[in-house]
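There is one chain below, alone, in structure tokens, taken in the form predicted alone.
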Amino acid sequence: MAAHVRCMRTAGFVTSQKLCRLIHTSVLRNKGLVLGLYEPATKGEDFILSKAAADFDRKCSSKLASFVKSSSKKLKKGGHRVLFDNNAGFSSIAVCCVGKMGAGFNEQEQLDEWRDNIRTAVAGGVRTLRSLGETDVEVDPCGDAEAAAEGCYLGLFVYDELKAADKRKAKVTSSCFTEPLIDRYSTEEQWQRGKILAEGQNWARHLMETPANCLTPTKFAEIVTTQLQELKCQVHVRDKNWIENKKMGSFLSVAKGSAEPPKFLEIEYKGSKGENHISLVGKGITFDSGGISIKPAADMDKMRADMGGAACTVGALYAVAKLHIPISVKAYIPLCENMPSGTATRPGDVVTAMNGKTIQVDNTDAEGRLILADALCYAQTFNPQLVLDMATLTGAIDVALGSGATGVFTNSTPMWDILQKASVRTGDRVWRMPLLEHYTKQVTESQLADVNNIGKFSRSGGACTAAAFLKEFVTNKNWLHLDIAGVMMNKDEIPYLSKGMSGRPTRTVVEFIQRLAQLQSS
């Protein structure tokens, strides 16, 4: 049949290349292969096949090399070409350009370009094979199996479960193409690590994409409990009475406008002995209307993802637990909706946080910092070594950094250095922002209370004044605040992430925790 298709193609009987591909795919069991190649070191030279691709080509009588030579004149980094007639048990092979060999750390970009090139190339390859109907895909590790797995699984993510069955993308089973490799065990281990990291981020993406009516605070708590208890994490779901008993007035002031009851999640992963642990705090606003200070209607639907901090927190915990990282982690997630109603907090109201500080709420749309204030206070009662919070906190960080990097505010340069190095490896970058007394004065000079939930100069330095507000509720000497509003969504900036909610910076946080664990054990 394959030979017949080739003859038809040559004779010009098949004018539609897509039809030809579909026929060929159906014959060879929908099995595809992604192989890598590198740009030539010097212009005019031939592309270089990866080790796996070269070994594969030897078994196919140099058909792959001939195909690359004849079709790769315009092939650029991240691009790919598809070979159909390979006589090797695969209905189609996507040959992907990984860029130049030897690419590494780019200081200007603060990026490990080699690993990012692999993610991009592999993601493009597996998506193309899926579009051709392949449901079983093997992937060349391209020199870094972890990065290849990340590109594969992140690239295939799609949220379409609420669509009709015939409108959903086909599910693809992926695996590492290890047959020609010498150290198969090591390569497979790296692949599994990359897969787990991608799964953690994809879970965060899935939660962020879920419509708010399907992911209320109660439903979020149920999903997380089911998922993380299977990984031997302890999960406690606290109700409104518990929140009131803890005197979390700042958190409750946001929740009171909604008919949905608030929840407070406590999660513990015990990866090491003793009481030493690190704390993660995630903002869990499952829908943000802005409250009485209501948001514009345009794009308000995106506020289903205002629980991105909570989603990335549980996504990171998922990966940490599955990787058995030897460190203990406790997570604290305040969950509620921010809605306008007759019971909602009004601009100008004064509320009291768990630590006794009073807060003048001049803008009810600056609600994330209100629920985080109480969560931070509570997390610190357990004396953690470090506190890291994540929140889609301010539009101002999007104005400042866009989707290029997560904004980080911290009182600890050593912790910043570890986080920054982690982001270089993951390709999910972070950027340090100022945490100056200059901004503190703008939130502590309040007419009616100890602090104001917005800076006195309103929009100026909005991300910085939000961080300064949070600092008023932090006593830990190792605190990092990650404002992830700018990286909440992906359009086309990150090639290996599809359009939609991004789940960033889940993998960077996991890598950061891994490095902390290594430091503790050394």
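Because the structure is predicted, anything quoted here is derived from the model rather than measured. So that there is no doubt, residue numbering starts at 1 and follows the sequence shown.
Here the subject shifts to the form predicted together with a small molecule, a form of this protein not shown in this document.
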Taking the small molecule as it sits in the predicted complex, is M415 in contact with it (heavy atom to heavy atom, 4.5 Å or less)?
no
Answer yes if any heavy atom of D288 is within 4.5 Å of a heavy atom of the small molecule in the predicted complex; otherwise answer no.
yes
May I ask you to check whether D365 falls inside a 4.5 Å heavy atom distance of the small molecule in the predicted complex?
yes
Spell out, yes or no, whether the shortest heavy atom distance between G395 and the small molecule in the predicted complex is within 4.5 Å.
yes
Answer range among 33 to 41, 483 to 491, 470 to 478, 49 to 57 for contact with the small molecule, defined in the predicted complex as heavy atoms within 4.5 Å
483 to 491
Only one of L497, C464, I454, L64 has a non-hydrogen atom within 4.5 angstroms of the small molecule in the predicted complex; which is it?
I454
Of H236, R168, K295, K100, the only residue with a heavy atom within 4.5 Å of the small molecule in the predicted complex is K295
K283, M303 and R369 each touching the small molecule in the predicted complex (heavy atom, 4.5 Å):
yes
